[in-house]
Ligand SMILES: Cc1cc2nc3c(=O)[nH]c(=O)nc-3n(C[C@H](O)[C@H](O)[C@H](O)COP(=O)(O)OP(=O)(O)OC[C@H]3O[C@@H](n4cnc5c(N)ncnc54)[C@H](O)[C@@H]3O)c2cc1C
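Take a look at this single chain, the form predicted on its own, given in structure tokens.
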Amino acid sequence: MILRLLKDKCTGCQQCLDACPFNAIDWKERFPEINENCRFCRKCIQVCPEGALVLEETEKKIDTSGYRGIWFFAEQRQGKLSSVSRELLQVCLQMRETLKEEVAGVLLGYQVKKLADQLLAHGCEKVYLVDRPELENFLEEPYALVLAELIRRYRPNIVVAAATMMGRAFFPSVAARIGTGLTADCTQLHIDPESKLLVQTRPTFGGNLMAQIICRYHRPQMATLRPKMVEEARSVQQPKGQVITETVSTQLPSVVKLLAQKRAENLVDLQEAEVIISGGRGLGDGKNFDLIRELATLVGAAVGASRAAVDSGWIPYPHQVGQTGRTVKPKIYLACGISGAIQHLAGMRTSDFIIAINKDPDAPIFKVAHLGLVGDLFQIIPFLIRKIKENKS
């Protein structure tokens, strides 16, 4: 958009100058001039008595009628299909119910045909497979080049990926190459039944608000979705999809060369953990996380935390669960001293079984907990640790 001045109408009354809340108007000779601070709030347009300021649409609209299909990027690592791929497939299958368009996965790698068959076995209607040695290990540039070429070739309506390290790394590059928008780190994706547009929901303003974003004038509609927001697609009895092996015309250079791979030690992987024990503000001090760590070690759990605990500097950010942290779905989630703010609940409420320990019987966490313990965590957790050690001895 652009804010344009119609000089033949401007009388130099300077009402727009006084109305602008962003100091976005400079006065040059006898006319206002819009600077880079403009946020297109329209305050100046509303106060101008002569209608001398107009907001014009500069965005080039495209014909969206020729774009059809719901695509997802099927993430794989070292020849193994990531669980997020089946989650994305489930989201796309749900969108198909409203949009009535074909669901297809895009699989990039080397010697990964068996993974394409796994996608078909879970209800995917079509898999576009690009199998080349250059794609064996993930590198941002080759992956972006290949996916962008496939999008130009087939013109899908929607393309989504998981908001993982991989998706966050190369999906923005794909969107930029094909000239469309991208909504990152969404918590929900669905089709509006009236407009048939993809509604992309994500947290904003530090997780205090949820924004719903649509892409009216460009295609494909692109978004990344946080892992563990939905169940994985289930296997089907009689798969009917097909695998289409694609070739790409482009060379696959990369400014980055992979020299070696080494598995990181002591990596916090909350999204894959089956049991998570989290601590919050009720711990009172960072040193008290030692209690959480001891209990977690005894039962083979990962250590999580609320945003309040992370903001207080008690534990590093990779442990944070919630809208502005990780979204998790373990079999068991134990919340210790966490009140249950809506931002935290959004990141863990889909856990299979939630246990809460809090001395406040009215804490919101108890509304989602399957089992609640009202009491002092500094009495309950040491008791649990002692009993577990007794049973192991």
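Quick note: we count residues from 1 along the sequence shown, nothing fancier. Because the structure is predicted, anything quoted here is derived from the model rather than measured.
Although it is not shown, the form predicted in complex with the named molecule is what the next lines describe.
At the 4.5 Å threshold, heavy atoms of Ile25 stay clear of the named molecule in the model of the complex, well away from it. The closest non-hydrogen atom of Arg86 lies beyond 4.5 Å of the named molecule in the model of the complex. Proximity of Val112 to the named molecule in the model of the complex falls outside the 4.5 Å heavy atom cutoff. Using a 4.5 angstroms limit between non-hydrogen atoms, Lys329 is distant from the named molecule in the model of the complex. For the three marked residues, Gly69, Val91 and Glu231, no heavy atom of any sits within 4.5 Å of the named molecule in the model of the complex.
The candidate stretches are 295 to 303, 151 to 159, 123 to 131, 319 to 327, and the one lying within 4.5 Å of the named molecule in the model of the complex by heavy atoms is 319 to 327. The listed set Asp360, Glu33, Asp352, Glu50 contains one residue whose heavy atoms approach the named molecule in the model of the complex to within 4.5 Å, identified as Asp360. This chain lacks the partner; the member of Gly181, Pro227, Gly282, Gly241 within 4.5 angstroms of the named molecule in the model of the complex by a non-hydrogen atom is Gly282.
Taking the named molecule as positioned in the model of the complex, the residues of 369 to 384 that bring a heavy atom within 4.5 Å of it are, in sequence order, Gly375, Asp376, Leu377, Phe378.
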